[in-house]
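In structure tokens, the next block holds one chain alone, the form predicted alone.
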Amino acid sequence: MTAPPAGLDELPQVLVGRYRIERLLGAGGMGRVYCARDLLHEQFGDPDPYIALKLLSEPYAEAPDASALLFSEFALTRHVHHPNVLRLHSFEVDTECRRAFMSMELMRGLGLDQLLCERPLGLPWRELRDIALPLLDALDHVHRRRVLHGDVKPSNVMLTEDGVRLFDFGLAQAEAGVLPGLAHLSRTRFNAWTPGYAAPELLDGGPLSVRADLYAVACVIYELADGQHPWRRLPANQVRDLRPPLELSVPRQLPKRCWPALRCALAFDPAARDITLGQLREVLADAGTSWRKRGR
């Protein structure tokens, strides 16, 4: 018998009699994503039967609410449904290994984290704008659907053959009244905020908010424009200790007219982050449009 591919030891080779796992695509703090072949689609002649499967990593898979946690991510991602958000197929449970998983499109492309490694000086403005605008569109739509993403960072955005995709809603939260039948799970025990992109108030124990997502996406845009994180001079785990006043230079590839808007979105004080995603998008869409903080 041949050995299973690396990272597959704890799983059967075929889930629910349909999905043959081929290889591990990636692993994060809470989940693992695999490439798999849909044997049913393959049987009926689908020329591209490959999909992706996401399962919770150990030890989260052993938690009593593991399946509910993964279903929450599935339901929230499906609820927002946008061209620039990862497309899901189904949520299923394999009774043999007693593991829940969700099937989704197999994204073929380059993650923004990989792109940044290849472009240490940042992206030319037009290329940057073609990434930033659909990313802002996606996040703004997510908020209009009254969902908060909670983990916007370069490794959760991919440039695919079909355009930009925002994914990984594992830390997402719905506002009160949205999907009322969904189990409301406490994610505080996971301590999973990404320090370099989590807003300071999150690292101080505050609640997730629209302005926290705004801060995270502003960090990503700054990094795309400069090649480095806005707080690159300090280790990511020290960001929580930063306090204003803080000086930031204009990113290399960002038009100067766009800087006041992006700088506002990067404010450490959430009350000072008084620009919307729509306003930030408008400024980036037309670099000739200036923006002034209210009261100035």
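Since the structure is predicted, the reported quantities are computational estimates derived from the model, not experimental observations. When you see a residue number, it is the position in the sequence shown, counting from 1.
We do not show the form predicted in complex with a small molecule, though everything after this point is about it.
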Identify, from the list Tyr197, Phe167, Phe101, Tyr222, the residue with a heavy atom within 4.5 Å of the small molecule in the predicted bound form.
-> Phe167
The one residue among Val210, Leu116, Leu136, Leu86 placing a heavy atom within 4.5 Å of the small molecule in the predicted bound form is Leu86
Glu92: heavy atom within 4.5 Å of the small molecule in the predicted bound form?
-> no
Might Thr77 be said to contact the small molecule in the predicted bound form, defining contact as any heavy atom within 4.5 Å?
-> no
Going by a heavy atom distance of 4.5 Å, is Ala27 a contact of the small molecule in the predicted bound form?
-> yes
Heavy atom to heavy atom, is Ala52 within 4.5 Å of the small molecule in the predicted bound form?
-> yes
So which of 29-37, 42-50, 263-271, 249-257 is the stretch with heavy atoms within 4.5 Å of the small molecule in the predicted bound form?
-> 29-37
